[in-house]
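Shown here is one chain on its own, the form predicted alone, set out as structure tokens.
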């Protein structure tokens, strides 16, 4: 595994591989999200309590899942870059932060839009909402640290420390509805022994989640390639590639 990671950590190899993967992830994201939205907005029946207002879950829930997934993957990439000094891992971590912040912001906004008719308020200092808001601040802090240092290596190490410390917030977000008495509903999709969501609603939700994941993969590779070009602009292999 580590040999594979070091090979992938070669800037030239990463640039070539990511260029081939981006179109596949982009097409998959469009197809999955189109199918998920059609299934969720057209085919899925109204909820017996919430009516059609529940359909915001097809944006809110995948965005919330991705906010945590991206943070964990960002922290992992930052740790790999810090421990093994792999520049590509630092670039992936740096490229992931704005995407993760966008997913987190989208989850908070759509949650507020959903919470107003359900709870009668746009915002409450609920455990799940508060910990998700803290996640947004962690993303912003990571990006601020990356911009605070002129030396990219120093910036990457400082960001990695913050990202790793912030990992403690991920299980708090996930288990907050079980640990505390909150307004936010409990787990539904993850209750595989007795799921609380009908299959006709679940399948479009999972399609949207996979679509979001493919979108993230495509965008993080695009952003990482741009970072790579900036970092390696004076390297011989990149100059040869431009010449060709």
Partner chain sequence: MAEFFHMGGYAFYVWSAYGIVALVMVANVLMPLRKRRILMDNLKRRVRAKRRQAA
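Residue numbers count along the first chain shown, from 1. As the structure is a computational prediction, the values presented were derived from the model and not from experiment.
A second form of this protein, the form predicted together with the partner chain, is not displayed here; the remarks below concern that form.
Only one of 61, 33, 201, 68 lies close to the partner chain in the model of the complex, with a heavy atom inside 4.5 Å, and it is 33. Not displayed here, the partner chain is kept clear of residue 13 by more than 4.5 Å at the level of heavy atoms in the model of the complex. By the criterion of a heavy atom within 4.5 Å, residue 171 is excluded from the residues contacting the partner chain in the model of the complex. At least one heavy atom of residue 122 is located within 4.5 Å of the partner chain in the model of the complex.
Though the partner is left out of this view, residue 206 does not reach within 4.5 Å of the partner chain in the model of the complex, counting heavy atoms only. Between 160-168, 113-121, 135-143, 78-86, the stretch whose residues reach within 4.5 angstroms of the partner chain in the model of the complex through a non-hydrogen atom is 113-121.
Contact residues in stretch 200-227 (any heavy atom within 4.5 Å of the partner chain, taken in the model of the complex) are 212, 215, 219, 222, 223, 225, 226.
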